[in-house]
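Starting off, we have a lone chain in the form predicted alone, written out as structure tokens.
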């Protein structure tokens, strides 16, 4: 479970408005949640607090009963293994093949070679990239690059998947394919949190939608419905 309890986040260069203010949000295990809102609404700050990249100025961010602010810096890499993250710009290693990009995530946690040999092909099969394993990112379409990034994010078995504008650089067909995969991953038990401006996709998916405005939750709808913040 993820809980934001009366969170305020104020950056040093912010004299007036806080990035998050009196922010409260609970996300249960296994949920699929869209986080929407205009630029500056607090979406990026929410993700940074979850990942321990920033710490709340007030209140608490609690993940599985642990206050993220109390995790020692040396332990943050272990905490972050609970999360898989994908981004709008994919962030694949351009000189690595698809297989090597996914393997990189396994090497970071010092996975056993035999485990890698089992898990990586399985992940590539799940995202439909078995035949692209030896391709470089430059040889892939945008949709294929995002699916490769998704395989890399999932290969270590995270409890939570954070997707930051995952369809921002994709055509409608590729966007729907990525969202179908996210839904499939969610059905397997992974909590999925998607930050997006893609109103059409939010309406199509009919999931829980949390709308932010000026650092606060202004709407929390159980089944879809995009609102302009």
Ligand code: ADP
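All figures in this text were calculated on a predicted structure; none of them were measured in a lab. Positions refer to the first chain, counted from 1.
What follows is about the form predicted in complex with ligand ADP, which we do not show.
Looking at residue 52, you'd find every heavy atom of it more than 4.5 angstroms from ligand ADP in the predicted bound form. Interface membership of residue 40, defined by any non-hydrogen atom within 4.5 Å of ligand ADP in the predicted bound form, is confirmed. Ligand ADP in the predicted bound form comes within 4.5 Å of a heavy atom belonging to residue 44. Taking the partner from the other structure, ligand ADP in the predicted bound form has a heavy atom within 4.5 Å of a heavy atom of residue 19. This chain is displayed without ligand ADP, yet in the predicted bound form the stretch 31-39 from 166-174, 55-63, 186-194, 31-39 comes within 4.5 Å of it by heavy atoms.
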